[in-house]
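In structure tokens, one chain follows: the form predicted alone.
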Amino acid sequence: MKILKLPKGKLDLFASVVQQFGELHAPVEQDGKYVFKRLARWPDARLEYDRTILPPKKYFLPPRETLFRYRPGEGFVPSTDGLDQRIVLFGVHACDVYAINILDQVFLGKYKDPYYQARRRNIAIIGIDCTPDKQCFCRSMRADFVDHGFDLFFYDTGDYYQALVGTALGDDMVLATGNLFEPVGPADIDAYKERSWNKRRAFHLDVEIRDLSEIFEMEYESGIWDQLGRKCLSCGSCSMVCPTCYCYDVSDDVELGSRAGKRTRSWDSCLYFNHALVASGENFRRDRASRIKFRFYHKQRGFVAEYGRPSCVGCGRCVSACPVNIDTAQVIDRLRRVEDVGSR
């Protein structure tokens, strides 16, 4: 991995050059919050943002997409809309890069999803370091730093951004800018270490995940789940904003009066009443307590068993989005306590 530095005053010039690699998207401010969208002009970018409403996941696994169309006599025609669009996603936080790496394990593992695969191949990722706020616990989830999954990653070290070059495409971006980037020296290394230390001290939340999957296993019958079930609205907001939730529903939209139509998939949530409803009418998670328990168990226990780590990256979006203030960090903290009223 190559390490270089870019003067902050030349960042706009760098941004103009990398547009030859794809359409430039970055976080912009919208109604007091932040969203990833195509930039109309570089000054609209807000690189010192806290978190976006929706994660970068929306680029790789869109909220709703057509998989294929079908018509008698023609058969099934796969949809290719937007799959070859080249995008440069600028300003992705480490936790969101980590989340994309998790999605890669799911959609590019044993059973590859061709739609996800095509988008992943055509979207370049330029990450940027961030300052945690009171809802961030990505350090606890080991997602405050990433060493792969990006093409370039920028760290703010005062007058410069230190840049980690993660891929050949990232190296091509650097080469395309001519001599904008400079080699790093001892002072730059010290500046990076200071930045890293200051970020570590800036975290307000500390969530202990050591032996957490075992504790979840032991607390399967805890009264906490009934308490959360009475509070949860089953709105699915946490799932929609989560950078690693990947459940989806598939439906056929048939044209009236014909046998032609299209098959679409859209984001789904395990908190919805009909998520575990099967054709016989049986619902395996009819009550809200069982649904919210399932969501926590999948992220903190089931995913660990399958992939070796939790699927939560500690971005804090679920805490921000929950209308009844269910806090993931607080739930984990309660489960870890020796005494908890009503837990058994």
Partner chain sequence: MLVADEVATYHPVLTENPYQPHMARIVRIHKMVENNHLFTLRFLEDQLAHSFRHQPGQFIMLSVPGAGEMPISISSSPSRPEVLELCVRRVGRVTDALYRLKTNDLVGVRGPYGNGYPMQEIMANDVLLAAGGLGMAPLRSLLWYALDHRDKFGNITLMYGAKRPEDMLFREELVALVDRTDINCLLTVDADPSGAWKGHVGLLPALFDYAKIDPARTYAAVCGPPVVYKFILQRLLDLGFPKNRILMSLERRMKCGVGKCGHCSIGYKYTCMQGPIFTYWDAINLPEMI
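Positions refer to the first chain, counted from 1. As the structure is a prediction and not an experimental result, all values here were calculated from the model.
Here the subject shifts to the form predicted in complex with its partner chain, a form of this protein not shown in this document.
Not one of G9, E48 and D190 is positioned with any heavy atom within 4.5 Å of its partner chain in the predicted complex. In plain terms, the part of the chain that comes close to its partner chain in the predicted complex, with a heavy atom within 4.5 Å, is 300-308 out of 22-30, 300-308, 52-60, 313-321. Of the residues given (K199, R139, R120, R263), R263 alone sits with a heavy atom within 4.5 Å of its partner chain in the predicted complex. With the partner removed from view, the residue among G185, G158, G223, P114 that has a non-hydrogen atom within 4.5 Å of its partner chain in the predicted complex turns out to be P114. When its partner chain is considered in the predicted complex, C238 lies well away from it, no heavy atom lying within 4.5 Å.
Contact check for R288: no non-hydrogen atom falls within 4.5 Å of its partner chain in the predicted complex. In the predicted complex, at least one heavy atom of G75 sits within 4.5 Å of a heavy atom of its partner chain. Its partner chain in the predicted complex is not approached by D147, whose heavy atoms all lie more than 4.5 angstroms from it. Residues of 73-100 placing a heavy atom within 4.5 Å of its partner chain in the predicted complex, in sequence order: G75, F76, V77, P78, S79, T80, D81, L83, D84.
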